[in-house]
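Next up: a single chain in structure tokens, the form predicted on its own.
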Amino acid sequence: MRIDLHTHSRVSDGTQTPTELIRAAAAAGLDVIALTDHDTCAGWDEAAEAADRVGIGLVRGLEISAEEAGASVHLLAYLPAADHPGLAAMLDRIRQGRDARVPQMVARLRELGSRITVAEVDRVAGPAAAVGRPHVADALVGLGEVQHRNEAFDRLLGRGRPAYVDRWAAPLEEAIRTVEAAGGVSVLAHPWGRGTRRHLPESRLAELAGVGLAGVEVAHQDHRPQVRRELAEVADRLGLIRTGSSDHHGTGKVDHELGCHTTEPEMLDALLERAGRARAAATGDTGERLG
């Protein structure tokens, strides 16, 4: 069984609709896929209908923008109730911060000589429920001012670059507790990549496990093989679920093809079992399910 637990659609910063993503997952030989768009559950229903049609399992999820010790970290949330008031309010605040900084980034880019406009970013973002820096980057690509998203982030949009604008992100512990209260399960996305390892050493992971963290994403393109081995050992010592995934964004992110990393079936079983317990605690529903 091939399982990919971290992908994105056009509902956030991927380049495929949820339906196109599910069809691509089936074509890539995946048996189970999680849709984890940034800070939104808006693609779940379309993805579920597509998954039923093509005959693969869907895990409903999202990737929450969080903050730990001043660093940006991402929290994968699986199978929470989308209508949980606390989760809905937190995601609303995150998306408002995303939306508010786009005009500020555009203004800074124009001061640097770019021809970009907010209208162009909105056109590129299309139906996305969560608009962010990748859409600004894609607008710059469309204008011919950079070659690809990575160049836009490296030169202009990354933290410390001239057009970077900060925004609110959920404190990590608060996000973990909120996901659990919503009947879901939380897994840290690529926790030892992108410069965040120093903020999330084993001692801190142990503390987060104590407040409800269920797992860590071990197999990811941002983790070198040695890092994967070390993180897997830490996860086993702490009793955390180990996941693996592509972090696929369609053509929006190179070298993240569907199924390039996968999750072991027994780890998916553990995640679903824990989600069942969380859901039972939150709602009394004891079912464990995909979809």
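Start at 1 and count along the sequence shown; that's the residue number. Computed from a prediction, not measured in an experiment: that's the story for all the values here.
Form predicted together with ligand AMP: not shown, discussed below.
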| item | value |
| --- | --- |
| Region of this chain that lies against ligand AMP in the model of the complex, out of 49 to 57, 248 to 256, 232 to 240, 24 to 32 [heavy atom, 4.5 Å] | 248 to 256 |
| Option touching ligand AMP, based on a heavy atom within 4.5 Å in the model of the complex, out of H84, R133, R108, R95 | R133 |
| Candidate from R123, R177, R194, R115 lying within 4.5 Å of ligand AMP in the model of the complex - any heavy atom | R194 |
| Partner contact for N150 in the model of the complex: ligand AMP, 4.5 angstroms, heavy atom | yes |
| Full three-residue contact with ligand AMP in the model of the complex, heavy atom 4.5 Å, for D13, H38 and R167 | yes |
